[in-house]
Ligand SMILES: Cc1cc2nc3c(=O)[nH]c(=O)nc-3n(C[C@H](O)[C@H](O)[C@H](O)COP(=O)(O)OP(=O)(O)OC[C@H]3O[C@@H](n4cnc5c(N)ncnc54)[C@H](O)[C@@H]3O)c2cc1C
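Only one chain is included here, represented as structure tokens and corresponding to the form predicted alone.
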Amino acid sequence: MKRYNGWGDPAIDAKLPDSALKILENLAGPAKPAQNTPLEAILKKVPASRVTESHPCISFDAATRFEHAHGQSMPDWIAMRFGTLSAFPDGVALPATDSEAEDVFEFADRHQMTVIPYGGGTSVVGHLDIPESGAPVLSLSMEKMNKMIRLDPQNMLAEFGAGITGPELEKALHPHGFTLGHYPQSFDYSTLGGWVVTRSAGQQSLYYGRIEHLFAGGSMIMPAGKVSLPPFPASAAGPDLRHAVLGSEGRMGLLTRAAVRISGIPENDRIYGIFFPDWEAALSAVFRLANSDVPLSMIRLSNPSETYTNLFLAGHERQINLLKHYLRLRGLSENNWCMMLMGLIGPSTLYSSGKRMARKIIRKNGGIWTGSPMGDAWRKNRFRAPYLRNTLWDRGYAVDTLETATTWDRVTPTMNAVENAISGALDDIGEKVHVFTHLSHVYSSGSSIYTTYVFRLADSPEETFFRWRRIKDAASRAIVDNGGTISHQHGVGADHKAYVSAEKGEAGMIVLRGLLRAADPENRMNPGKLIDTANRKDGHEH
């Protein structure tokens, strides 16, 4: 069940305490309730399909076409909430087997249709934007290709239909004592195929690995033909084609099956809360932990601004006040607190020794261990955070995120540059932006940087989009100028496309374009995403 104009199950709401709203009004300015266009009004805008031939796997229903016309990016939200969405697929295919998917491809080829693969609809960077062109558009949903095909305990592999969601996948593995361990924030709705083609990172990837480590092989239907990727443990037979599929964002074809490397369910898996006196001490501890033998599943370090924001958004005023009192008694200055969540995982002997080692590193860097209650609360609600977007929009605020990754020596300068770019992006029009950041994934050589920002909605969709675009461009330029990647975990889509060449270079872009043209000679697969390639009609991609 999905909310038609926002995130998730419409029966679930994220509460915003009155005290938090007052603080937010001071940080971003007072706002008024936003416009929300009824579903009925949007459906009236869905035009007749440009394809008149029927197909048993394709729906031409207006509601189904609207549902597959957008993702969860800020431009998507603006269009949905203000009712300005104007481009819709001409049909939505829902194949249940590989052979049905191949038949759908033949239908699309016969009608010269653009094809947009659709997983869970959770993209936040414009992967699902419908191109406004003369060619009819087919959204190819993986909803019915969602079963476990094969479990191979001897080789620690499992194969699934690429449309399986996170909960469905884990439900299939857990009775057998296994897990994939891939938990992006979109876990409830995103799909295995979506994780692969966007190079997803799960919250506990420090232990289980990112999706590029978990993806062992699979099958992809491309306009140029079908590709099978055997799940070898390793191979030196030239460039690994798995890595062409990883991050391909629907530009090469449709991933129908994915074989993944699975793990046994760990004996111990706990998350602990720690507070540090300031950012420098916290970063020093994180670096040492990331380069230690501690059996970590995750580290999530909030800067002072995010720590403050998390505490006032939490509600539970009595418990928060008790926590603040305790930390003051331990000598921590409230203005500079940095909160860290640290996951420890593994068999009991290793877990116990690792916990002792972690506590020693934390203590040496001035950290205060607060135990597991904060980690337990976070784990319980870790997939609920996106619901706050619905609540804040209704109150008149837009919330968006962006992320990058860089080496340890660049983490603090890059974080500061991005936050400064965002906070000042609307100064000339008198609008404030509240911004805060955490490190969400750490590596031996560096870390990701995940930034959230809140700004007031305008009265019109055009002005709201203008504000978002100004912020997004300022932050993206700051990332590129500081040598960070334009995307650590969300992919490129449409929103980051302009900045890919800064990372890949001229020769790298030539190679990427050549790869996409070889897989999709007529440029029918999800055009306008990842990079620009020649359009089959006019030589340009828009």
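This one's a predicted model, so the numbers in the text were calculated from it and none came from an experiment. Note that residue numbering begins at 1 and tracks the sequence as displayed.
Omitted from view is the form predicted together with this ligand, to which the following refers.
Q: Could you tell me if M113 has a non-hydrogen atom within 4.5 Å of this ligand in the predicted bound form?
A: M113: no, not in contact with this ligand in the predicted bound form.
Q: Answer for P89 alone: is it within 4.5 Å of this ligand in the predicted bound form, judged on heavy atom distances?
A: Although this ligand is absent here, P89 would stay clear of it in the predicted bound form, with no heavy atoms inside 4.5 Å.
Q: I'd like to know whether A285 contacts this ligand in the predicted bound form, with contact meaning heavy atoms within 4.5 angstroms.
A: The answer is no: A285 has no heavy atom within 4.5 Å of this ligand.
Q: Consider Q185 of the chain shown here, and say whether it contacts this ligand in the predicted bound form, taking contact as heavy atoms within 4.5 Å.
A: Looking in the predicted bound form, residue contacts with this ligand include Q185, since a heavy atom lies within 4.5 Å.
Q: I need the one stretch from 390 to 398, 189 to 197, 467 to 475, 226 to 234 whose residues put non-hydrogen atoms within 4.5 angstroms of this ligand in the predicted bound form.
A: Heavy-atom contact with the partner occurs in 189 to 197.
Q: Considering non-hydrogen atoms and a 4.5 Å limit, which listed residue (N482, S59, Q489, T485) is close to this ligand in the predicted bound form?
A: That would be Q489.
Q: Only one of M142, V435, V442, V137 gets a heavy atom within 4.5 Å of this ligand in the predicted bound form. Which one?
A: Looking at the other structure, the residue within range turns out to be M142.
Q: Would you give me the residues of 248 to 262 that have any heavy atom within 4.5 Å of this ligand in the predicted bound form, in order from first to last?
A: Sequence-ordered list: E249, G250, G253, L254, L255.
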